[in-house]
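You are given structure tokens for the same protein chain in two forms, set apart as structure 1 and structure 2.
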Structure 1
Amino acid sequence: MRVLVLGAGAVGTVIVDQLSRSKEVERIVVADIDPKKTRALKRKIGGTKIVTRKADASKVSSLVRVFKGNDMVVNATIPRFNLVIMEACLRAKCHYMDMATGGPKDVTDSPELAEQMAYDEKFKAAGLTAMLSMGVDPGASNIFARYLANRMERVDEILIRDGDNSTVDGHSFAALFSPATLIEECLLPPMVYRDGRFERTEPLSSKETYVFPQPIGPLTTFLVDHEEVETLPVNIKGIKRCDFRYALGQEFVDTLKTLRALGLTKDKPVRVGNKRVSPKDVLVSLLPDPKDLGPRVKGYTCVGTEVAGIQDGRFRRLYMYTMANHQECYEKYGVTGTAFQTGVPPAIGVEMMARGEISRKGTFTPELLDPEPWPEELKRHGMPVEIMELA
């Protein structure tokens, strides 16, 4: 299989690294707008499979030229470009995969999931597959939901819980992935599914302590707007409750609330002297770049899905999760645990496509895949998966 990985950031690096070792993939094209990044990536990973190309993710026609001749494109850029890249895949006849979706459209400048799902017919007609939101969360978290749901007679609740106890030396307000995305995600009114209905709640409200598996333990979590909540209640029938909680320290939340109250998280440019600048861009420019944090991030990250329902006639609450140590990941792969966890599932998805184990056409989210091979596959790629019974 010939794969093109678009975006040579931290996650793109993990995907290429994983694929460079898989026998199913004969060639990997790494494309980015910045040739320095692709060259550095090729040097870092080595081998003979990697080819570098320059590509501008905002232009369909230029993408089509770069995509042609590849079987599949993995979009490791930011959600803003999702539709452009999907369109280019259709024209270049490539399968498509991404790790996140944008929206809501009225607040962010990136397309919503519904706009991506609208490509279903076109991909089906072209005999192509488009796997959406195939990272760790969303991604592995959706697959965990399906895996546990398959083992229950009745599913009541699906709760995604993402916790990280890491600290970054010298920074009290650091993001392990794009600070712009983190700020945006935390400030959007989170979508929740309650009693069979979707609702939006207040951002950064509803504080709750969640006890993550050891060695993380209890962390303060907040409801956050996330992809899983949009599709799991639709695709896993009969559930009453679905939400996504992210562990955020009280100091981080207070800081973010203050910045929001001041108007410093707004995208809309303001006039400063004779210049115009977006306050959020200024804020982001002052925060550390996640790719520079590397060895300074210490602690564990845990992504998992809690599913509650009836199994063998009795009510059970199970949490299926994967955990990574940031420093270990940095030593082994040169990236944080967060980037590692995000890059592995798409690499597995590519290998399954290559082996013909994923044959579904059209656009779909990960809970529609067969979850059974996934725990083994994740383990084989260095991502252990555990299931814990909750009281």
Structure 2
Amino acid sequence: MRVLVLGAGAVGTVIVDQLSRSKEVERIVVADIDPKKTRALKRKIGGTKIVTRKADASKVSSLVRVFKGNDMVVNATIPRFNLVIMEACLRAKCHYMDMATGGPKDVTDSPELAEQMAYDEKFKAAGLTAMLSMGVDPGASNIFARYLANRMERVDEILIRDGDNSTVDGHSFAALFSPATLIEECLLPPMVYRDGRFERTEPLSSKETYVFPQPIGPLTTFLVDHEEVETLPVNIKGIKRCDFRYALGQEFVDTLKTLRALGLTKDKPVRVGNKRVSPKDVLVSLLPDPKDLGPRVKGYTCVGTEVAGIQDGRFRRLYMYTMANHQECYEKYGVTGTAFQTGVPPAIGVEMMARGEISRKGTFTPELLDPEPWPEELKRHGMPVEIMELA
């Protein structure tokens, strides 16, 4: 398979690294608007499979020229460009994959999941696959939900819980993945599913202590808007409750609230002198690049899905998760644990497509895949998966 990875950041680096070792992938094109990044990534990974191209993710015509001749495009950019890249894939006749979506559009000015799903018939007509939200969360978290749900006679709750006890030397405010995406997710009114209804709540308003597996332990978590809550209640029937929570430090939360109050998290451009600039773009440009944080991050990150329901005639609450040590990931792969966990599932998805193990056409999210091969595949790629029973 010939694969193009669009975006040479931390997650793109992991995807390229994983695919460079795959016997199913014969060529990898690394494309980015910044040629310095693609050249640096090629030097870092080495080997003969990788070629580099310059690409502007905001222009369909430019992307079509770069995409042609490839079998699949893995979108490792930000959700703002998802529809542009999907359109270019259709015109270039390439399969598509991304790790996250955007929206609500009236708040973020980025495409919503529903807009991506609306491409379903177009991709089916072209005989193409579009795997949406195939990172770790969303992504592996959706697959964990399906894996556990398949083992229960009745599913009552699906709760995604993301915990990280890391510190970043030299930075009191830093993001371990796209800062723009993190800010957007945390400050959107979070979608929750309760008693058969979707509703939105106030951002950063609901605290809950969640006990993550050791060596992380109890952390304060907050409701956050996330893709899983939009799709899991639709695709896994009978759920009464579904929500997503991040573990966030109080100082981080207070800083986000202050930035929001000052208007610095807004996308809409404002006039500065004789120019118009987006306040959020300025803020993001001042934050450290996640791919440069590897040697400074210490601690663990855990992503998991809690599923509660009836199994073998009794009520059970199970948590299926994967955990990574940031320092170990940096020593082995040169990235943080967060980037590593996000980049591995899409690489597996590419390999499974190349082997014909994923053949579904159209647009879909990960819980619609067969979950059975995934625990072993994740383990084979350095992401062990565990299941523990909760009280």
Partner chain sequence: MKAMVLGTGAVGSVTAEVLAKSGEYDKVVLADVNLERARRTEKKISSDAVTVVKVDAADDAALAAAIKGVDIVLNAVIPRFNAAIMETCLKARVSYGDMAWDIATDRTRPGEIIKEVPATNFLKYDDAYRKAGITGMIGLGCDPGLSNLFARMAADRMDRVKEILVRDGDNGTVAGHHFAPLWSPETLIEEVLMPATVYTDGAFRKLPPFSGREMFEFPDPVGSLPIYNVDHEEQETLPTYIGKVLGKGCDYCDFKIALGGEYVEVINVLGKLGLASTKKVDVKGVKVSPRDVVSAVLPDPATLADRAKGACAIGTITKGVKDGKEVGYYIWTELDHEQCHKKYGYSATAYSVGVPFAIAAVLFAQGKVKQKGVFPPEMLDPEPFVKMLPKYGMNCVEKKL
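This structure is a prediction, so every number in the text was calculated from the model and none was measured. Rigid core here is just the name for the largest C-alpha set that superposes within 1.5 Å across the two forms. Residue positions are counted from 1 along structure 1's sequence.
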Completion exercise
Matching the form predicted on its own against both blocks gives structure 2
Exercise for the section: Spell out whether the Cα of S178 moves at least 2 Å between structure 1 and structure 2 when the two forms are superposed on their rigid core. Expected result: yes
Problem - Is_shifted P288 between structure 1 and structure 2 (CA, 2 Å cut-off, rigid core) - result: yes
Exercise for the section: Align on the rigid core first; then say whether the Cα of P279 has moved by at least 2 Å between structure 1 and structure 2. Expected result: yes
